[in-house]
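Quick heads-up: it's one chain on its own, the form predicted alone, in structure tokens.
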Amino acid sequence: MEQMKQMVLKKFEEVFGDSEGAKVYFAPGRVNMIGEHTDYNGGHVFPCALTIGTYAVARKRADRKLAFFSMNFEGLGVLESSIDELTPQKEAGWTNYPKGVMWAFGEKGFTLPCGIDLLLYGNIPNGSGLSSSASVEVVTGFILRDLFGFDVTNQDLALIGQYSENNFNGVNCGIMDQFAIAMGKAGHAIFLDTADLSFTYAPIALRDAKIVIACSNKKRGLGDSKYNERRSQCEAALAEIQKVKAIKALGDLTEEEFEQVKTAITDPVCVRRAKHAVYENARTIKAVEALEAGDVELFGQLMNASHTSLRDDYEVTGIELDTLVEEAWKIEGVIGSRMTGAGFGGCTVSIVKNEAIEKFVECVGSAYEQKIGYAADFYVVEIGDGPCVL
């Protein structure tokens, strides 16, 4: 991290003339081990923060201007705005994420007294589904708290990030991504009940195995994907179930209860969507219990079942993610593999025995390139902490 710190500071000096008064920050990306598309259905999720993420350099300005620079989009140069112009603009591109957080702070009663210079560098693959946008949101909130002394907790930072993405960027995301990033803890995943935000940290003890992420390199945009459509299908199913059973969210139902009330849902597609939400929630609870009991094999089987449900009932996988997972399942030493994130591209997450990692990357990689026509990227990842000042 020290090397990264020096690199971003040097770039800040190049772009903004000097680095006097500037500080360096980091917020991680996240991967969800199991519990997909349950976070807006009042269910459980099981994400962890990663050691890859977003590096930022920031300092206060003497005026009300905002100056943004991303090392990932260097060709765009410095993008200028002002704290008096915090409205979403399509042409503002990536700056809508930090601007959205500044706007959301204002909506919550924390107005920025002055502008800032902000440089970002992310080593999360863009569009990978490892939450580069939520990482930018959390690091921005963390910076605002640090620079201006705003009285907000890390959990507040997650909620503000979600609020900005929902209301400024128009993406109807749940709380999981921002929560996992803001509340990350090295060596642990977060078992989060999205209905009430109660959570526990569960150690990820994989002994002789590692977490391997395969990035499909199929680009997808959350806002224009079918994400919002899936969400409204679940809402429609919930509304019909509520006519026959008093529940607040699909996550309130057990598998048995769902089977008893599913006839209340008139659209067969909505039945499948709701089934995924209920069964995936149950799988997530079982998976965490399996991990606590040291049964990594069962955890892996539940990951596999999660992917099958996301493919068949929720229909958010697509040929790229299915190919990565189905090729992974063929390899001895793969304990479990599934898509992670919103779907329609992005990444898979697999638990792979150490001795099988090389074969996994080679075989899955070549089969994928042969079938899809371009390469996937592979990352052996560690579980890291939440946001920090470097």
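Since the structure is predicted, the reported quantities are computational estimates derived from the model, not experimental observations. One-based numbering along the sequence shown.
Keep in mind the form predicted in complex with a small molecule is missing from the figure; the text below concerns it.
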**Contact stretch among 52 to 60, 29 to 37, 325 to 333, 65 to 73 - heavy atom within 4.5 Å of the small molecule in the predicted bound form** = 29 to 37
**Request:** Decide whether Met176 counts as a contact residue for the small molecule in the predicted bound form under a heavy atom distance cut-off of 4.5 Å.
**Result:** yes
**Prompt:** Does the small molecule come within 4.5 Å of any heavy atom of Ile357 in the predicted bound form?
**Reply:** no
**Request:** Answer with yes or no whether Ala342 is in contact with the small molecule in the predicted bound form, where contact means some heavy atom within 4.5 Å.
**Result:** yes
**Prompt:** Looking at the partner-bound form in the predicted bound form, is Tyr227 within 4.5 Å of the small molecule by any heavy atom?
**Reply:** yes
